[in-house]
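This document opens with one chain alone, in structure tokens, the form predicted on its own.
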């Protein structure tokens, strides 16, 4: 479990004065609960912290996937402009939902998800995170069921927001609506980068999956070949039979190595790439939020101008509706100012988030590719050593 430290967080009075503030979370011990269509996987979430706003130095709670979804949805609605960490997809294929491999991949992804939140200087202060990490199961269930208003609209697919923005392009082409777009070269550059990054990451992840599949298929082929050669050796004389038996044993041993390396490749290379594909989706969701905030800001500004023209006409005619119109005008101005501040906040936070995203991506991708190269080197050396050790005996058989 990785321990996270934070600067600028007040020191807990219950911890040693020299110990820095920390918040460490781990998602462990997945367990199947229930049967049939009602079955689900629960996880033990362990929190260790000396932050004063938390109850005690350690807390253990039980959570299920829908609880993680609740946390992400709450953060997405409340923290506009911040890239909320992505969740792993919910499997829709029944036969894969409870396989050991799927459960472990999801556990690892959920662990990464909650630790990214816990290590974020803004998100780790969230009251929703504290509820998620500390509340008992009944309280957590009530929190999910009592959602109302905007939280009833769960952004299970964040890209729906982005699609809504894109659909306006069609309206513009058809002459239905005047385009309202942010003409900012840096923003356009950012969008191009994000779209290209998504494409390249998805392509790399697709080929990483093929590498995993190839390792598994080769491992299975070597296992089948090893069994066949050992049976062949049993039919031969002593020298040749012994050589065939060793060849079969080496093949089966290499099959195990390949299967282990395939699993390592899956968890430490293909999954991190897939995780960053999901992370880019979160970035695109925030881009869509920025576009929506800009559009609202512009539309309110235009409405205020029209309202001001109408108000001036009423003042000239000394209409009895002037007082009501002035009140409406002031309310609109307040709304317009709030929309402007909201948009500027999203822009500022997005700029900060991109710096953080790039730094984390550099570290995470560097580690993933290092693990890939190290694993391939280890596998190649193991394969070479295994075959090399057989050469003298096979050469002896061929020359006898």
Partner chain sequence: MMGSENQEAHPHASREEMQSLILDESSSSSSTSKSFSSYRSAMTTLSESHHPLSLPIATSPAESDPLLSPRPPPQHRHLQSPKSTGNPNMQPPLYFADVGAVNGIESPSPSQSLEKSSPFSRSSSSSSSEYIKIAVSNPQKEVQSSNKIVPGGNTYVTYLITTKTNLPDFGASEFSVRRRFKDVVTLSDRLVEAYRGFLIPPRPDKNVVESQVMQKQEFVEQRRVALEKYLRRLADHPVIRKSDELRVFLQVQGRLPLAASADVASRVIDGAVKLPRQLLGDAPSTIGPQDAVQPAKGGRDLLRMFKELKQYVANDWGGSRPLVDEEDKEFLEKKERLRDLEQQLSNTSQQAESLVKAQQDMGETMGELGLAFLKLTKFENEEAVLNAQRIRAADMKNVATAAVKASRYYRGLNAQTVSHLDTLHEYMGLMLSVHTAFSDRASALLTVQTLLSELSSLNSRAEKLETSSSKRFGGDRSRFRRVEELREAIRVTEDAKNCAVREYQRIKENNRIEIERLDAERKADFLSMLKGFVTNQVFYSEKIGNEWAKVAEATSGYERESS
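Positions refer to the first chain, counted from 1. Under this definition, the rigid core comprises the largest set of C-alpha atoms superposing within 1.5 Å between the forms. Note that the structure is a prediction, hence the values are computed from the model and not measured.
Keep in mind that the form predicted in complex with the partner chain is missing from the display, and what follows is about it.
S.K.: If we take heavy atoms and a 4.5 Å cut-off, which stretch out of 131 to 139, 80 to 88, 316 to 324, 230 to 238 is in contact with the partner chain in the predicted complex?
M.R.: Stretch with heavy atoms near the partner: 230 to 238.
S.K.: Quick one: in the predicted complex, does every one of 203, 355 and 359 get a heavy atom within 4.5 Å of the partner chain?
M.R.: So, yes: the whole triplet contacts the partner chain.
S.K.: If you check 348, 370, 32, 341 against the partner chain in the predicted complex, which one has a heavy atom within 4.5 Å?
M.R.: Filtering the options by heavy-atom distance leaves 370.
S.K.: Which one, 109, 288, 247, 117, lies within 4.5 Å of the partner chain in the predicted complex by heavy atoms?
M.R.: Looking at 109, 288, 247, 117 one by one, just 247 meets the 4.5 Å heavy-atom criterion.
S.K.: Give a yes or no for residue 221: in the predicted complex, does one of its heavy atoms lie within 4.5 Å of a heavy atom belonging to the partner chain?
M.R.: Judged by the heavy-atom cut-off of 4.5 Å, residue 221 is in contact with the partner chain in the predicted complex.
S.K.: Does any part of residue 225 reach within 4.5 Å of the partner chain in the predicted complex? Heavy atoms only, please.
M.R.: Yes, contact at 4.5 Å.
S.K.: Is the gap between residue 366 and the partner chain in the predicted complex 4.5 Å or less for some heavy atom pair?
M.R.: Yes, residue 366 lies within 4.5 Å of the partner chain in the predicted complex.
S.K.: Would you please decide whether residue 207 lies within 4.5 angstroms of the partner chain in the predicted complex, comparing each non-hydrogen atom pair?
M.R.: Residue 207: yes, in contact with the partner chain in the predicted complex.
S.K.: Under the 4.5 Å heavy atom criterion, name the residues of 23 to 41 that approach the partner chain in the predicted complex, in sequence order.
M.R.: Result: empty, none.
S.K.: Does the distance between the two CA positions of residue 391 reach 2 Å or more between this form and the one not shown, the core being superposed?
M.R.: Yes, the C-alpha moves 2 Å or more.
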